[in-house]
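Before any questions on how it binds or moves, here is one chain, the form predicted alone, in structure tokens.
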Amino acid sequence: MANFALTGLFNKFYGVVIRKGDLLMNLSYRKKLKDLSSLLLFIAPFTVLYIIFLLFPLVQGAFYSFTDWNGISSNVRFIGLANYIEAFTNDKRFINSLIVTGKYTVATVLISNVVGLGLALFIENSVKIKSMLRTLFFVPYIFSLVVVGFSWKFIYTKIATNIYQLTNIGFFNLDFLGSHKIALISVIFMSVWHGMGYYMLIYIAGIQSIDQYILEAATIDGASGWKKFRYIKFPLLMPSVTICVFTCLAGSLKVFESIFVLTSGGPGYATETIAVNIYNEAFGSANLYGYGTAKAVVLALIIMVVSFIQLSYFKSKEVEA
């Protein structure tokens, strides 16, 4: 009888424990479900807008790249890979735009980052006028590329001519936007001028994040200014280099506004980048929307592949203090 009573008491106690455990599990499950519902509620507006204005046009654009649609007609004819084959086999203008984009990208990425890093190092050593120099070099980045493009077009075509008439210096008499040889250089110069302040600020933030004790220790060990930069500062700045190169690379590969405002791809096709070429094909006189969309898909793939390679490489070079 005693054993039977003890067994009953144990079962009763065990049953109470299980019921409490189930209750706690239900409360925990309900809390997690409530948190998930709140999260979904917060991201729902962005998700809906993302699907409507980005994901759906992206998928639709990929579909139109396999058609000969002109962007206006209701008739859409599927032609498979014909647009892609045409672009890489018979379209010399598209191949030229790839080359122009490559030259523009390499030059802009290299010069912008070198100048941005140089300015950051110079400004960080200019104690008294540091704030003024930061503002001075960053101001151009505030303005739209369209505004900057029109301003530099006026400088190249009007101000340079007036300076030549006053000084008779041959450099200012160059046809900056009308010459096949220097039109692209003129565009690159404007792009570097516009973006260098942005990269400068990123590099300044990277320099300020470096532990000063490391630099002081290097100074005590007899390291010169160049050695401190080469073996300490620059390796610790690699996260900033990764960000700057990625940003500049992606922007340069899809550059449109500055080219369109300054030269519209001319003279001839000397400054016609892929983005400008796509615009001319899809929305120009040709009205080859499907063909232009195929080129846009190619551009997107190029950006993804190049960005992935660049990020993988520079991430492998990053070190921690």
Partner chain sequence: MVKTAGRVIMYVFLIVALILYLFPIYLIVINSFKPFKDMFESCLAFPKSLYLDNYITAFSSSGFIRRLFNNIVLTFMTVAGVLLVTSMAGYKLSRVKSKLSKFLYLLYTVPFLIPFYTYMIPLVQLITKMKLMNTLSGVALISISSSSFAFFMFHGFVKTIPVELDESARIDGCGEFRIYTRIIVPLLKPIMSSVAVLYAIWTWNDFLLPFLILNNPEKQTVTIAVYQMFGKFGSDWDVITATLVLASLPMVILYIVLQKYVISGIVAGAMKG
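Here the rigid core means the biggest group of C-alpha atoms that line up within 1.5 Å when the two forms are laid on top of each other. Positions refer to the first chain, counted from 1. Just so it is clear, the structure is predicted and the values come from calculations on it, not from any experiment.
What comes next is about the form predicted in complex with the partner chain, which is not displayed.
Q: Establish, in the predicted bound form, whether 57, 198 and 257 all lie within 4.5 Å of the partner chain, using non-hydrogen atoms for the distance.
A: Yes, the whole trio is in contact, each within 4.5 Å by some heavy atom.
Q: Of the residues 95, 214, 163, 110, which one places a heavy atom within 4.5 Å of the partner chain in the predicted bound form?
A: Of the candidates 95, 214, 163, 110, 163 is the one lying within 4.5 Å of the partner chain in the predicted bound form.
Q: Can you check whether residue 205 is within 4.5 Å of the partner chain in the predicted bound form, heavy atom basis?
A: Output for residue 205 is yes: heavy atoms within 4.5 Å of the partner chain.
Q: Look up in the predicted bound form whether residue 310 has a non-hydrogen atom within 4.5 angstroms of the partner chain, and give yes or no.
A: Output for residue 310 is no: heavy atoms all beyond 4.5 Å of the partner chain.
Q: Check whether residue 129 has any heavy atom within 4.5 Å of a heavy atom of the partner chain in the predicted bound form, and answer yes or no.
A: Residue 129 belongs to the contact set for the partner chain.
Q: I'd like to know if residue 41 sits close to the partner chain in the predicted bound form, meaning any non-hydrogen atom pair within 4.5 angstroms.
A: Yes - in the predicted bound form, heavy atoms of residue 41 and the partner chain come within 4.5 Å of each other.
Q: Under the 4.5 Å heavy atom criterion, name the residues of 112-143 that approach the partner chain in the predicted bound form, in sequence order.
A: Heavy-atom contacts within 4.5 Å come from 119, 122, 123, 125, 126, 127, 128, 129, 132, 133, 134, 135, 136, 137, 138, 139, 140, 141, 142, 143.
Q: Inspect the rigid-core superposition and answer whether the C-alpha of residue 41 shifts by 2 angstroms or more between this form and the one not shown.
A: Where the cores coincide, residue 41 still shows a C-alpha shift between this form and the one not shown that is 2 Å or more.
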